[in-house]
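Presented as structure tokens, the chain that follows is alone, the form predicted alone.
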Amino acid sequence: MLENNKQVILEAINLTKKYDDGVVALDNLNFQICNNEIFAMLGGNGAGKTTTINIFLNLLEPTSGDAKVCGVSSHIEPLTVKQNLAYVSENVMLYPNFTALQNLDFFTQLGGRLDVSKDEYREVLMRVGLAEQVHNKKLKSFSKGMRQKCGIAIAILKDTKAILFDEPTSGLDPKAGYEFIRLLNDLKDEGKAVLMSTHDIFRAKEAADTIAIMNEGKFLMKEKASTLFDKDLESLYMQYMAVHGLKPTTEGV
């Protein structure tokens, strides 16, 4: 039973994805993410993390099962679902010849918000860690980490109930990674549900409420982060790989 102030925002129900060549990308996956919660998926390349996110975004359709956002199936009512979802990919695709402010303005209006002021754009860019002196610089001069911050700013401005992150700390230096964790906690406190795929074991343990270790489309482990506080998550990952007869490597984790 959920607490009175809890609402299930993201839900996977027996979520399965099989390709025509017989490859099973997701195998009967089940989880729930409520408001004020961060759920982190750990796993190697090909584990099924990005496939899971893509089904929620309706970039892929499930073979069976369901991915729901606020109770609505992503593959049945995708337009309704997208109103409640924001997404930040590992390689943020923005316009390189636009400035940071121009990118924010373009994508925010494209998302249907026409009421955002320039001051609000500046505030959110500062919030994600982009100094004011770069707001009017073109993105082609930005590092990968700086582009990532722009993508996160756009996701914040969309003001949705859920945010999906695919490898959000990729390309961030340690200081920016620390700032990102603080930002994640702020988003959680604002009531967002966050689904995050990551290779960063240490950031996952630091930020997430629930951590899942994933391989071949299944969760080998799904635990509350509070129960893992005094455990070595990297060693735990390798143990799960060994128990399930898989190569105990942290490559791509």
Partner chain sequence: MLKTLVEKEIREILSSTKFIYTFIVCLVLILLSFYSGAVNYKLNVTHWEAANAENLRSFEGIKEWYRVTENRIFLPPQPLATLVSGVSNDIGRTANIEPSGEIVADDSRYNEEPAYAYFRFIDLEFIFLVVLALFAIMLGYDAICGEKEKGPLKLCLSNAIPRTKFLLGKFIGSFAVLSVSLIVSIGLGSLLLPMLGVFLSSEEWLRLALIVLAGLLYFGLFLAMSIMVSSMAQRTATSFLILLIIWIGSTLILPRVAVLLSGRAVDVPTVDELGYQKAMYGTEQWKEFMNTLGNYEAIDNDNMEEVMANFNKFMDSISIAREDKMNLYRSRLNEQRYNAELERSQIAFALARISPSASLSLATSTLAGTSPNLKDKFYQQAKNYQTSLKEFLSGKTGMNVGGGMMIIELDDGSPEKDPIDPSEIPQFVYETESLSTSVKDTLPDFALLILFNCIFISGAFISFNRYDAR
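Predicted, not measured: the structure shown is a model, and the values here were computed from it. Numbering follows the first chain given and starts at 1.
Just so you know, the form predicted together with the partner chain exists too; it's not on screen, but the next bit is about it.
Asks: Among 51-59, 189-197, 216-224, 33-41, which stretch has residues whose heavy atoms lie within 4.5 Å of the partner chain in the predicted complex?
Replies: The contacting stretch here is 51-59.
Asks: I need to confirm a contact call. Of L94, A162, L130, A176, which residue comes within 4.5 Å of the partner chain in the predicted complex, counting heavy atoms only?
Replies: Only one option qualifies, and that one is L94.
Asks: Quick check on S170: any heavy atom within 4.5 Å of the partner chain in the predicted complex?
Replies: Heavy-atom contact with the partner chain at 4.5 Å: absent for S170.
Asks: Would you please decide whether L85 lies within 4.5 angstroms of the partner chain in the predicted complex, comparing each non-hydrogen atom pair?
Replies: L85 belongs to the contact set for the partner chain.
Asks: Does the partner chain come within 4.5 Å of any heavy atom of K158 in the predicted complex?
Replies: It does: once the partner chain is placed as it appears in the predicted complex, K158 has a heavy atom within 4.5 Å of it.
Asks: Would you classify I154 as touching the partner chain in the predicted complex, given a 4.5 Å non-hydrogen atom cut-off?
Replies: Output for I154 is yes: heavy atoms within 4.5 Å of the partner chain.
Asks: Would you check whether the partner chain, in the predicted complex, lies within 4.5 angstroms of a non-hydrogen atom from each of Y121, M126 and S143?
Replies: No, because Y121, M126 and S143 lack any heavy atom that approaches the partner chain to within 4.5 Å in the predicted complex.
Asks: For the stretch 86-111, I need every residue with any heavy atom inside 4.5 Å of the partner chain in the predicted complex, listed N to C.
Replies: Y87, M93, L94, Y95, P96, N97, F98, Q102, F106, F107, Q109, L110, G111 sit within 4.5 Å of the partner.
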